[in-house]
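Form predicted alone, single chain, as structure tokens, below.
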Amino acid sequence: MKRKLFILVAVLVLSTVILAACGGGAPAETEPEPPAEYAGKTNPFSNQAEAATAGGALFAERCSSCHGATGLGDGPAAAALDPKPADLATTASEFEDDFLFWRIMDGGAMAPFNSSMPAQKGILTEDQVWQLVTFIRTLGK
């Protein structure tokens, strides 16, 4: 009887170790790297008050209906969206300039994001997108 119990416990422990090693747990919450055309880009307007002001006007016009006036992801359209808009006031500081620029330019319709965020490429200039990034960097401060 003791031998059967020992074998059962050993099988359970071994199964747990194997499943953990194979990624049987929750998926990692990591964001993908920006594509080559965006990788390594840096904001030419970083910490420029004038650019942040211009970006704030663009944010109010193009982003606040989903992300909210203060970037918390609580805009009036947010309730109807799945996935919910990002809380930029909290999370933007976790991302590099190239990532934010890419996400604004290409939007969120592609995997793994699969969101309703519209692409701004062809609508906003690169300078305007950098102004948005400059403004987003002021959120939550």
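The structure displayed is predicted, hence computed values, not measured ones. One-based numbering along the sequence shown.
There is another form of the same protein, the form predicted in complex with a small molecule; it is not shown, and what comes next is about it.
**Q** Though only this chain appears here, would F95 touch the small molecule in the predicted complex if you measure heavy atom gaps against 4.5 Å?
**A** Within the cut-off, so yes.
**Q** I'd like to know whether F113 contacts the small molecule in the predicted complex, with contact meaning heavy atoms within 4.5 angstroms.
**A** Output for F113 is yes: heavy atoms within 4.5 Å of the small molecule.
**Q** State yes or no: in the predicted complex, is some non-hydrogen atom of C63 no more than 4.5 angstroms from a non-hydrogen atom of the small molecule?
**A** Although the small molecule is absent here, C63 would touch it in the predicted complex, with heavy atoms inside 4.5 Å.
**Q** Would P76 sit within 4.5 Å of the small molecule in the predicted complex, counting heavy atoms only?
**A** The answer is no: P76 has no heavy atom within 4.5 Å of the small molecule.
**Q** Counting non-hydrogen atoms within 4.5 angstroms of the small molecule in the predicted complex, say which of T91, T70, N43, Q48 makes the cut.
**A** None of the other options qualify; the answer is T91.
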